[in-house]
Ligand code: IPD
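Coming up is one lone chain in structure tokens, specifically the form predicted on its own.
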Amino acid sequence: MSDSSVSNDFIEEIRDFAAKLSIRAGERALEMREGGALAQDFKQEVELVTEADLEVSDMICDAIRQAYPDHELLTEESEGAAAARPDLEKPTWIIDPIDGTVGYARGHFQFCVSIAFCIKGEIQVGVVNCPALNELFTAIKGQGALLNEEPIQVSQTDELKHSLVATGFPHGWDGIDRLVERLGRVRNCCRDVRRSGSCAFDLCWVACGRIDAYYEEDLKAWDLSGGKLIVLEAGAEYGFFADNLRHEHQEIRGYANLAGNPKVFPQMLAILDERTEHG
């Protein structure tokens, strides 16, 4: 792909395409939920997947393949997704058709459609649609973040003790005692803790100032990619509280993520940081 293809016009085209697609996908997810019982299954015996996850994933992927047949796709529902290690140099779409499936299946509003577009090793476009709230978050790298086309910024909360912090837990129970101990340390230092069950949702709520920080130990590229760009473009600090032991691509690294407004972020990092060498 030539440098001219990564022009601002092209990136804006991608953003508009992804935004419209996420709205269609969100509408379909709501239609399927409102239509009655959703057929459900479990991946690896612990992670819920519904027929809506699969249909919405196919809808998004088919539309991208038709519009951009030479682009790479990484979606949560694709075969071998968990083991995939994309280099992001080629045009690559990273998709979570329904982030927050458990809440979605139970009638909650905290779920979303997350779409990210990467090229030359970086996330260039992030789109997260929260259909139950009619809220569309978008960002282009270097151009700020928007909620329903209005600019957003992270909160101005300056003390962790006054902050709302969000987190999440893995689908299985491995290491739960360690996670709960870490949660206790955080809860002792902040105003309160929230858990939506959706990484993309939580990152967007940091982006628009509804919560002040979010951390989670074990994420996948499709969980975080759309929301990561949005929260960064809204002014958040973003980093990690452990070493990159899995040697993941830094742009979509899923282990030990932390995002927060610039004042709360270092206070959170001081509590969470597990690295032998800081910095």
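Residue positions are given as counts along the sequence shown, with the first one as 1. What you see is a predicted model; the values in this text were computed from it and never measured.
Same protein, other form: the form predicted in complex with this ligand, not shown, and the subject of what follows.
Not displayed here, this ligand is kept clear of T75 by more than 4.5 Å at the level of heavy atoms in the predicted complex. At the 4.5 Å threshold, heavy atoms of V125 stay clear of this ligand in the predicted complex, well away from it.
Residue contact check for P131: none of its heavy atoms lie within 4.5 Å of this ligand in the predicted complex.
Taking the partner from the other structure, this ligand in the predicted complex has no heavy atom within 4.5 Å of any heavy atom of E55. A heavy atom within 4.5 Å of this ligand in the predicted complex is found for one listed residue only; from P86, G209, G144, G197, this is G197.
Note on the partner interface in the predicted complex: the residue among A139, I98, A116, V154 having a heavy atom within 4.5 angstroms of this ligand is I98. The candidate stretches are 243 to 251, 26 to 34, 63 to 71, 218 to 226, and the one lying within 4.5 Å of this ligand in the predicted complex by heavy atoms is 218 to 226.
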